[in-house]
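The data below hold one chain only, encoded as structure tokens and taken in the form predicted on its own.
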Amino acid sequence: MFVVKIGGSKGIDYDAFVRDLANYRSFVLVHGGSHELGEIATKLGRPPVFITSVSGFTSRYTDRETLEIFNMVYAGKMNKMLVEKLQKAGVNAVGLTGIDGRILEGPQKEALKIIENGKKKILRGDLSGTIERVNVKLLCLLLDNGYTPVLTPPAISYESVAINVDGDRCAAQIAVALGAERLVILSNVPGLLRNPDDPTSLITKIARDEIDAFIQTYAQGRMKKKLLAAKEALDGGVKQVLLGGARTKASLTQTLNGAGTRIE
């Protein structure tokens, strides 16, 4: 059993990824859709707004209208696109969000502490949160009966409000809850790079106690959240986290066989 997260950035080859993934059994797929969301939201006159926390992590500001567009892209276009491709490849996939069956549940953040123009600020009204519970019973019901879950944010709060949650950390919590041995996070870069502009500067191995230092020294943008997700997965009992690219043929298999960044 493993959990694989496929990102939503520009440049990912979803056809090649699904053909490769279909060679495996007993997995859960988590996906994003950030590039497509940005494109569609902009066309609808609601371009994405990003905020930076006081700890240096970047996330998307999510008000109610943004969340509705988020659902349209993630739960609609991206989720069903992947389910369709998996079905064509012979995988009996079922597409769900974290809201369905309360698969992903946790508290909504009351307020965010952010940095804006170099100053600390309290931001309210953001529909985001964190995951504290995973409906393992429902996921196992699907897996035990031959269905492959294809999951995406949003999650649901304890007050039954849809909340935006980070996809990488979402995958980490699912891996922990299912007792998965491996978490694979694929994106449009080959792993953690010492120099983001140089794909040959790949860092191939990181120890658990080095993660915080690597977040501060090398990780930029979304990669910070991927390393944070890796840390949470390992702390929850997952044995290995693999970061790899998804722009080439057999990218998943290559990552499982040692390409990319290995964290254990």
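One rule holds for the numbers: they count along the sequence shown, beginning at 1. Computed from a predicted structure; not experimentally measured.
There is another form of this protein, the form predicted together with a small molecule, and it is not shown here; the text below is about that form.
Relative to the small molecule in the model of the complex, residues 105, 149 and 165 are all farther than 4.5 Å at every heavy atom. Only one of 92, 130, 135, 188 comes within 4.5 Å of the small molecule in the model of the complex through a heavy atom, and that residue is 188. For the options 170, 192, 184, 180, the one in contact with the small molecule in the model of the complex, meaning a heavy atom within 4.5 Å, is 192. Residue contact with the small molecule in the model of the complex: residue 260 places no heavy atom within 4.5 Å of it. Not displayed here, the small molecule is kept clear of residue 56 by more than 4.5 Å at the level of heavy atoms in the model of the complex.
In the model of the complex, the small molecule lies within 4.5 Å of some heavy atom of residue 196.
Contact check for residue 231: every heavy atom lies farther than 4.5 Å from the small molecule in the model of the complex.
The stretch among 64-72, 22-30, 39-47, 216-224 whose residues place heavy atoms within 4.5 Å of the small molecule in the model of the complex is 216-224.
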